[in-house]
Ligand SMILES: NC(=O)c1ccc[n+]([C@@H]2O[C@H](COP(=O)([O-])OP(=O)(O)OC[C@H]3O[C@@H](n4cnc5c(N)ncnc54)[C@H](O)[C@@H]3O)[C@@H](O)[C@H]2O)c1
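The chain that follows stands alone, in the form predicted on its own, written as structure tokens.
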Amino acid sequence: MPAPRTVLLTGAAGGLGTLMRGLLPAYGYELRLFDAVPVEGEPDAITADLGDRAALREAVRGVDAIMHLAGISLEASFDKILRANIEGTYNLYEAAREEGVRRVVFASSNHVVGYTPRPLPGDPLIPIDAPRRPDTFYGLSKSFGEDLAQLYWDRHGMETVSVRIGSCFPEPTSVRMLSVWMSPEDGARLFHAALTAEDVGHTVVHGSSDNTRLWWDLTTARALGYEPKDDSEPYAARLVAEQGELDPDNPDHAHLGGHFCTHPPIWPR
């Protein structure tokens, strides 16, 4: 599809949203920013909650596509996850449907399949159609978001690319992250491909760089036109020296979701 000109970026004040605010305009996008908290340095950003249906309707009006990054990104009580990630995502899709927005890029997560055993050297990569095995209420909410995207494609013809993001930071911070890291620049490349690829229907992709220690298959992401340029391996020697290699007998290291399966980090708000 032609490159969308105006893209609504929800979660614009968050870590990933902040990175994409800096990188996506170079691809020609005009970003309309939305977050529950003020976006620093962006006085025109929309400050509203995903539960505010009127504000969402106004936010999506006239945009060409949506990048939905908003919501709780760690574990929390089910009630909090329900409001922010499940009801909030439903509210966004309804607003998009009502305003005729035809393309959404949904920030899903590796935690949709977090209890999948991590591949050992020589094992095949985790395929995109691996059974859902969410490791938290957070992962469960992202699984719901993927199913919601499928419903809106089947019922309303609204296209979505669901990106199961690994970890998008300027550099990896753990040995586990060497396998699921997505550089910010590769993140922008993948999101641009997801916004512009033709006939995506509802497509689910893994979101990471082309890491030497990669755990999952990037075939569906590459089919969108994504060409990752980065690899976490230059950071490996330092991280392994500091933390040691992953131990298959350590429960924190046994699954794709890492410590989300054992001691998940809790959303602070």
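Since the structure is predicted, the reported quantities are computational estimates derived from the model, not experimental observations. Note that residue numbering follows the sequence shown and begins at 1.
The discussion below concerns the form predicted in complex with this ligand, not included here.
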Candidate stretches 240 to 248, 59 to 67, 28 to 36, 221 to 229 - the one whose heavy atoms come within 4.5 Å of this ligand in the model of the complex: 28 to 36
This ligand contact at S167 in the model of the complex, heavy atom, 4.5 Å: yes
Contact test in the model of the complex: G15 vs this ligand, heavy atoms, 4.5 Å: yes
Partner contact for G258 in the model of the complex: this ligand, 4.5 angstroms, heavy atom: no
Touches this ligand in the model of the complex: G71 (any heavy atom, 4.5 Å): yes
Candidate site L9, N91 and G145: all three near this ligand in the model of the complex by heavy atom within 4.5 Å: no
Proximity to this ligand in the model of the complex, single hit among S183, T160, S179, S109 (heavy atom within 4.5 Å): S109
Residue among A84, A149, L195, A96 with a heavy atom within 4.5 Å of this ligand in the model of the complex: A84
Residues in 121 to 139 close to this ligand in the model of the complex, defined by a heavy atom within 4.5 Å, in order: Y138
